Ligand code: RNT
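Here we start with a single chain on its own, the form predicted alone, put down as structure tokens.
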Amino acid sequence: MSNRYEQAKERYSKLGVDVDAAIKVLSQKPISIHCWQGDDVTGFENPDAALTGGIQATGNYPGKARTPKELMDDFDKALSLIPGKKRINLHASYAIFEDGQKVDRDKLEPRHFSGWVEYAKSRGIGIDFNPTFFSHPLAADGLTLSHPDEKIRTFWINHGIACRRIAAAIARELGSPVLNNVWIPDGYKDIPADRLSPRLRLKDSLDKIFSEKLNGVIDSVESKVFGIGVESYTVGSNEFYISYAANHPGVYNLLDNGHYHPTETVSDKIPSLLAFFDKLPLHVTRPVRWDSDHVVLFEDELKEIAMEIVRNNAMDKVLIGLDYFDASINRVAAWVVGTRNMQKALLFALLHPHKKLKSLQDEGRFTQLMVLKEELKTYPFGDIWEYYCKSQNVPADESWYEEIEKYETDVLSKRQ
């Protein structure tokens, strides 16, 4: 392996690529891994509650996590097979209530996430956070922060405020900033009679949620085109949230690459937002015809997303999180596949001579630019990836799945 790595390294060096530097950069870039893949977005409030808000987890693969311990154990298994730095991304619905002392979402406190903080501390990982504006009786009609009923709207405003305070407490405990991302399911199934008023109510609600200055919290808002049950109108549209973030310093527009029209690509949006914002949060998923949240694969758009991050020197600016949930396959394997693919895409991008490629573009040498870009597709990237994984003490090839099969036999198959 060492010989193959050295040969690959030499080939890249002829293009001016420092492979050792690329590996070092990759090893320090954390990927925020979503907890909700492990239990089909169920959470711990009410395991029997229906999933609502235009979200649907399909499949019935055995072994779903049912308790905080099971979810943490499953996450540990995934972490053991993923190289590099990791974070865990939590939803508010994953609060842990000791002795059955459950509170509603507007009354959540940092103590309800102390178990997660201890978990993260003991493993040296960071935490990101999300208020949960779905799968709740007061979101049953598909409206939350834009609801015309002030009492319902106030409940959700208070939930948003509580979650920002929880994020701030987690940041203090871990000594690491927490991305606190607001996504709401609000919208209408059929063509609305009034598109403006819901957005004005949403704007007012967000103003109240973000009014308190909190250290350690990175605030973001996340748009969507549509969801199940809100096919005709989404209150929190892309235009609304870009405008909101542009007019509210400290609030960022999170890009989820499943939340746009099928012909739109998030990779093209990244450099536009980097021209105006010092941070850019991402939720990376794989849409199949729509926002279907399939497991992230090592495909062209993922590579382009990574390219835009790397070629624009934005590794420190772009906050990469994952967001998908597939209940039809082994859930732990889904974590591993998606996260490793995100890291592969970053390494693939780091192994490109971006300065040279940009020069060819600026000089109008488009034939040579095309030739070099195409040849790079078959450079020995896989040998570099294999070396990196081994240096991180994780399996370098598909043999990692043997660990998943054993875990399924020993642990997951025993869950009823």
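For every residue, the number given is its place in the sequence shown, counted from 1. These figures come from a predicted structure and were not determined experimentally.
Below, we refer to the form predicted in complex with this ligand, which is not included among the displayed structures.
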property	result
Of 326, 291, 308, 301, the one that lies within 4.5 Å of this ligand in the predicted complex (heavy atoms)	291
Interface residue in the predicted complex among 286, 224, 136, 164, criterion: non-hydrogen atom within 4.5 angstroms of this ligand	224
Candidate spot 36, 41 and 183, all three touching this ligand in the predicted complex (heavy atom, 4.5 Å)	yes
One stretch from 333-341, 231-239, 138-146, 254-262 that, in the predicted complex, holds residues within 4.5 Å of this ligand by heavy atom	254-262
4.5 angstroms heavy atom contact with this ligand in the predicted complex for residue 55	yes
Contact of residue 91 with this ligand in the predicted complex (heavy atom, 4.5 Å)	yes
